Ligand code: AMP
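The chain that follows stands alone, in the form predicted on its own, written as structure tokens.
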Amino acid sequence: MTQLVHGNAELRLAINGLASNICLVPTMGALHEGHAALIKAAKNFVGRDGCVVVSDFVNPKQFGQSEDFKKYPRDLEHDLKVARSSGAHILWAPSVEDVYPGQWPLDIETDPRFEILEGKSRPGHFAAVIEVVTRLFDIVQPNVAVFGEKDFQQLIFITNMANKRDPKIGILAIPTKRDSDGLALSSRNIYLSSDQRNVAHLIPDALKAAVLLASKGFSVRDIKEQVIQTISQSDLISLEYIELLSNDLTPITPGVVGRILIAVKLGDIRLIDNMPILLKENS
């Protein structure tokens, strides 16, 4: 049975009554099957003696000027159902005051990679992500935290932060959960019109084509051109960026598995995705 708690003291009391092996699944609510996969992975990881805590907190600091914090979907009753069916022990829905109590300054280490890819279009986003995850870690004190690979840039930064700040916290990365047509599950997908949803498969299609070309020895330039051609099959989708990078977000190295990362817009809806990719070494 999943217990719904709110305040930090209530959370600590619930955790103390369950287990010492804690796995945290941070979310901004609007839970879907992608989140369910993270929760199930967390439960499998900690086993019978573990405690899975799902945080349900819409972080105001992650919203840019063009993003509407007030319109972000919130349905705690639905989230509780997803958390319960997925096997979470606790759904923690803190207030802003719980996460940001008074003047609690944090020194967030800057990283030039904060300004590339997602950071280029969302200034300050990753500093806000690192700050809130740091605060969640401090409050929950987990042994392990679970994140999805869909937000790959975020995953890299959080892993680096955890390794430097508290290496006792392990980071468990879970592959992207996809719909039947390959589209990565996202809370934003519900905003797509039927026409937009019908062409959204071009995003994973483009990534799959790129992965295939890479395995055949095509150049980065040719791979990017193929992605552009695939996305251009619909005038409902506009490409924001397509990059091939190593897993530390530096230029990709042939013979080493990296990532192909993409961001597109369908009307006002912005979606991101990525897949592992391996450039064939020159013979």
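Bear in mind the structure is a predicted one, so any value in this text is a computation, not a measurement. In case it trips you up, residue 1 is the first one in the sequence shown, and so on.
Absent from the display: the form predicted together with ligand AMP. The rest refers to it.
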- If you check P175, P73, P101, G170 against ligand AMP in the predicted bound form, which one has a heavy atom within 4.5 Å? P175
- Task: Find the only residue in E131, D205, D151, E118 having a heavy atom within 4.5 Å of ligand AMP in the predicted bound form.
- Result: D151
- Where, among 196-204, 107-115, 92-100, 177-185, do residues come within 4.5 Å of ligand AMP in the predicted bound form by heavy atom distance? 177-185
- in the predicted bound form, K224 touching ligand AMP (heavy atom, 4.5 Å): no
- Can K40 be called a contact residue for ligand AMP in the predicted bound form at 4.5 Å between heavy atoms? no
- ligand AMP contact in the predicted bound form: F147, any heavy atom under 4.5 Å: yes
- Can any non-hydrogen atom of G29 be found within 4.5 angstroms of ligand AMP in the predicted bound form? yes
